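Given as structure tokens, the chain that follows is alone and in the form predicted alone.
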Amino acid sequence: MGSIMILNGSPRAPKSNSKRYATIFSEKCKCKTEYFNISKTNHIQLCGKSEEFSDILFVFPLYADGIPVTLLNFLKTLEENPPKNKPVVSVLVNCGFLEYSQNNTAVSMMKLFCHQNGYRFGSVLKIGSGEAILTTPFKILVNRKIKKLASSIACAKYCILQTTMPISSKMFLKASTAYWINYGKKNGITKEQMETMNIEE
């Protein structure tokens, strides 16, 4: 059984939803894990550190149908500074859409990086419905899938997993609209202000 380096590629990593998913993964995983946030200043350090692990799990949110720039910039550095012994790369990606399939392009980007740079591609967990799922009873679905993800990586029996809230698109839209309106109220922002394109006022 190997060891897993968990890299959070979210632009707001210390306070991100991705960090919550990474924490659940560490709790469910039976082998050694070590967690790191990707920042602007630690790329070389993380590239060197990756030498110590059998696997890397990249945890990140979907940004504009692809990987966030925080992760993209790190991958550029990793391409130029690869470890001698390359770990297996797995992915946990989450999006604000109900459909977990919205994450497919981001997963393909990670697969392409691995193919072009000689990394074995491991397991994938695609999560739909964004932050909302962790605040509902459906959190149990996420916990189960992350447990399966952790087991697949620990045993090197890599697989593709996915989950989302088992509700209709209409219900999800209604619930997510209510969520963002209430979120805006907590921060002194009205529904009308959120609907405008004037972000600087």
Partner chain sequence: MKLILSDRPLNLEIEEDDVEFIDLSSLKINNCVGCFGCWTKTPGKCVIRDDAVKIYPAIAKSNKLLYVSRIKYGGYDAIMKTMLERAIPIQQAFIRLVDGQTHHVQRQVALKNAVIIAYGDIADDEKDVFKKLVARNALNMNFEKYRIIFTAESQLEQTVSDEVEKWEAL
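Numbering follows the first chain given and starts at 1. Please read these numbers as outputs of a predicted model, since none were measured by experiment.
Below, we turn to the form predicted together with the partner chain, even though it does not appear here.
Enquirer: Taking heavy atoms and a 4.5 Å cut-off, does M109 contact the partner chain in the predicted complex?
Expert: Because a heavy atom of M109 falls inside 4.5 Å of the partner chain in the predicted complex, the answer is yes.
Enquirer: Within 4.5 Å, heavy atoms only: does F172 come near the partner chain in the predicted complex?
Expert: Yes, F172 lies within 4.5 Å of the partner chain in the predicted complex.
Enquirer: Is V69 near the partner chain? Define near as a heavy atom within 4.5 Å, in the predicted complex.
Expert: So V69 counts as contacting the partner chain.
Enquirer: Quick check on F121: any heavy atom within 4.5 Å of the partner chain in the predicted complex?
Expert: Looking in the predicted complex, residue contacts with the partner chain do not include F121, since no heavy atom lies within 4.5 Å.
Enquirer: Identify, from the list D65, E51, E27, E34, the residue with a heavy atom within 4.5 Å of the partner chain in the predicted complex.
Expert: When the partner chain is considered in the predicted complex, the option within 4.5 Å is D65.
Enquirer: Honest question, do Q102, G184 and I189 all end up within 4.5 Å of the partner chain in the predicted complex by heavy atom distance?
Expert: Yes.
Enquirer: So which bits of 175 to 196 sit within 4.5 Å of the partner chain in the predicted complex, heavy atoms only?
Expert: Residues within 4.5 Å: S176, T177, W180, I181, Y183, G184, N187, I189, K191, Q193, M194, E195, T196.
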